[in-house]
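Shown next as structure tokens: one chain only, the form predicted alone.
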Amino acid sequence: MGTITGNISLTEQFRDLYRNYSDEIAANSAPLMNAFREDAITRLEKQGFPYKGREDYRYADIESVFRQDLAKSFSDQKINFKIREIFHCDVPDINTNLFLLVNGRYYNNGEMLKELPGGIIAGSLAQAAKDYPEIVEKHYDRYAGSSSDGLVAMNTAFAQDGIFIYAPPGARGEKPVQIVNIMISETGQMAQHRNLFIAGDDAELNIVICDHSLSAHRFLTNSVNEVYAGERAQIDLTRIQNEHNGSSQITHTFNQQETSSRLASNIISLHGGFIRNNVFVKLNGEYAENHSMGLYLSDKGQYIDNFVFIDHASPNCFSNQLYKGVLDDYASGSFTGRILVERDAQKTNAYQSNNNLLLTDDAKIYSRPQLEIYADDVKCSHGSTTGQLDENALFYLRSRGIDLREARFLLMFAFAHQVIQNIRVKALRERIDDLVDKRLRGELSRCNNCAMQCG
């Protein structure tokens, strides 16, 4: 169990932490994952921690988040709760294959990997690295490893487990794969896990990730997801973030798409004190299609930051970014969306939109849409709007007998639903509609799915 203290830089602290616990980290993981650690810690030393004001972290105070005094465990922890008794999924009718991560490690009943109907294999990444080394080695750190972000290198150095999902060529799962990422501890804690999702040629994957904190302590999660879509593969990835306001979460998702693949991701941020979502997409094959969307609802001092970078590396590809936010009280956040069209990526279609509603004078949002185009035969657009509810629309609704409070909720819900409607699973879409409606009305607490009532 390690902690970091003192006045030395965060880079030095985590380097020393790794050196002190490297044997324990390696002993509780897989040899294949261990092979990447030394190079990763070298990259961390070279890249350093991102700092507020740096171009890609201009408004996010990452250093203060990581200077919290949080325990870090590198071996199996004894959990004094029966997780399945205190946690109840917010989407009971979705009918999924459910997998749990607890404090960054795969939580199981003795079965580390499962073969699901349709031929999909899912379970512990550390176990998959032992049982399917040729598959894991082909993709592990291949997409995240080129990142210049020191937090990604740190995850590679420390992560010991996570979720592995592999859909062989042509495989189609009968049900979505649901990953519930739970933070629960008797003290404040930091966790780092690694997920690897692979869809072979012509395969289909539908993945739902739910983030929850189940005890009233400070938590910090630094996670990395690597997602590979083979030729003509289809992946739908939905993430629901619903942790308490004492939690901080940094996610990095690297999406690699090959010819004629389609990948749609949707991040719904309902609760969390500090959230930073980094999404990187590389359209590596011709006619690839990407939809990157997000909805963030924040209040009471929450900070939510979304960074999206889409690299059009091949011709005839399509991408669409749509991020929307509703900020209340003294919440703040930022959106940075960057589209890069490389020289050979002719016939590119790329669109980007960020729209925000500020419900109070104290709420703040910083929006930075960006285009970088080196090809000459393209269709690209970007835009950003920030404002308050439309007074004319409010007047129209009130003239139809709807009171002011309900009219405001209806307009906010319609604003948010433009993102939610893109979720393809009907049961999930309807449940998120319900959760967002409750969240906007102040009826949804981060504890709504927890039986502990920890206060």
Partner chain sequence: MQNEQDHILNEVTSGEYKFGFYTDIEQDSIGRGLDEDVIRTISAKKNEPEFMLEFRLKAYRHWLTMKMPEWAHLDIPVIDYQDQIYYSAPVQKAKLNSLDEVDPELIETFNKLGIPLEEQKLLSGVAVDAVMDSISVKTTFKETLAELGIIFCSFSEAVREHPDLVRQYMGSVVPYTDNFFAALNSAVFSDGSFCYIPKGVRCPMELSTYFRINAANTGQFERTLIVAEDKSYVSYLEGCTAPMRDENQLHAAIVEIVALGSAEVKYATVQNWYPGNKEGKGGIYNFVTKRGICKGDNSKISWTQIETGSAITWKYPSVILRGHNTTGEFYSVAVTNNRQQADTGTKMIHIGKNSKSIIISKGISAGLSNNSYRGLVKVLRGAENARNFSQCDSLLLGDKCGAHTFPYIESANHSAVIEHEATTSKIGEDQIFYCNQRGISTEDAIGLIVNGYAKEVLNKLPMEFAVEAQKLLQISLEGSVG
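Since the structure is predicted, the reported quantities are computational estimates derived from the model, not experimental observations. Numbering follows the first chain given and starts at 1.
The same protein also has a form predicted in complex with its partner chain, omitted here; what follows describes it.
Visitor: Can you work out which of Pro133, Pro117, Gly383, Gly170 has a heavy atom no more than 4.5 Å from its partner chain in the model of the complex?
Guide: None of the other options qualify; the answer is Gly383.
Visitor: If you check Tyr303, Phe309, Tyr366, Tyr287 against its partner chain in the model of the complex, which one has a heavy atom within 4.5 Å?
Guide: Contact with its partner chain in the model of the complex is made by Tyr366 alone.
Visitor: Name the stretch: of 424-432, 387-395, 61-69, 35-43, exactly one has residues whose heavy atoms fall within 4.5 Å of its partner chain in the model of the complex.
Guide: That would be stretch 387-395.
Visitor: According to a 4.5 angstroms non-hydrogen atom cut-off, is Leu113 in contact with its partner chain in the model of the complex?
Guide: Taking the distances in the model of the complex, the answer for Leu113 is no, it never comes within 4.5 Å of its partner chain.
Visitor: Taking any heavy atom pair closer than or equal to 4.5 Å as contact, tell me whether Arg343 reaches its partner chain in the model of the complex.
Guide: Yes - in the model of the complex, heavy atoms of Arg343 and its partner chain come within 4.5 Å of each other.
Visitor: Taking any heavy atom pair closer than or equal to 4.5 Å as contact, tell me whether His291 reaches its partner chain in the model of the complex.
Guide: Judged by the heavy-atom cut-off of 4.5 Å, His291 is well away from its partner chain in the model of the complex.
Visitor: Does the 4.5 Å heavy atom contact test between Asp76 and its partner chain in the model of the complex come out positive?
Guide: Asp76: no contact with its partner chain in the model of the complex.
Visitor: Taking only heavy atoms into account, state which residues of 406-423 are within 4.5 Å of its partner chain in the model of the complex, ordered by sequence.
Guide: Contacting residues: none.
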